[in-house]
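The chain below stands alone and is given as structure tokens, in the form predicted on its own.
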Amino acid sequence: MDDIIVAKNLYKTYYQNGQTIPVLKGVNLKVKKGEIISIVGPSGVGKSTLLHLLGALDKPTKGKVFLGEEEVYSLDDKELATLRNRRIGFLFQFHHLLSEFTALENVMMPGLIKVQSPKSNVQSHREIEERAKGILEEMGLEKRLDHRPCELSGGEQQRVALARALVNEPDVIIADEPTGNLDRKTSEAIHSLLWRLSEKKGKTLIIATHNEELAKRAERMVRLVDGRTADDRRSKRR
């Protein structure tokens, strides 16, 4: 099984009000294609920062990230935006859906951006629409296509956000506390959906969470302590 993401000696330091705030202090990580891993640790340890670096949302102070054979931070800003759109799907604690658009339109948005790329294999608006409908139907939202976010429950909104993350058929799904603001029952439903879709479609899933039950469900659990990986081990259960 080939590595899909490799992080080498990642450092991230923030500068605020004349102070230096080191967050990541030399993180090394390899993630295999199709693997499901969880990133755990206390608040403020750098879980979200690490995900942002792995997903090309922010640049490291030092170190390298490879997505397949591509060195992510050797790319310019335009190339980075194209890479994120084509190869990475994001799911956050807060869904960040566009309030003026329907569920279907929100899911279609990354595809409409992708179709403008010279590397795109998407042929038409119709193709994007059909793909978005198919994913939403797979998530049980076939009757909610024309509803706006304010007309959806929290769990439905997060399922729409997950569908949006999947619409461009990315290599990697990055999820940052994806159920942190949902009740237990809804959270468990989202977790099951994430795992089922990831396994069915062979997608790599990297998820940061405070939820130990969710973390232990992953194939591998990586624990961050003081800006470094202190524990990286296979889970005993799925």
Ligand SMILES: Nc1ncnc2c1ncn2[C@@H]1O[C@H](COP(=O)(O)OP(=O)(O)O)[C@@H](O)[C@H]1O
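It should be emphasised that the depicted structure is a prediction, and the values quoted were computed from it without experimental measurement. In this text, residue numbers run from 1 along the sequence as written.
Another form exists, predicted in complex with the ligand; not displayed. Remarks below refer to it.
Not displayed here, the ligand is kept clear of residue 225 by more than 4.5 Å at the level of heavy atoms in the predicted bound form. Using a 4.5 angstroms limit between non-hydrogen atoms, residue 48 touches the ligand in the predicted bound form. When the ligand is considered in the predicted bound form, residue 26 lies well away from it, no heavy atom lying within 4.5 Å. Under a 4.5 angstroms non-hydrogen atom cutoff, the ligand in the predicted bound form lacks residue 230 among its neighbouring residues. You can rule out all but one of 48-56, 199-207, 167-175, 63-71: in the predicted bound form, only 48-56 has residues with a heavy atom within 4.5 Å of the ligand. Taking the ligand as positioned in the predicted bound form, the residues of 6-38 that bring a heavy atom within 4.5 Å of it are, in sequence order, 14, 16, 21, 23.
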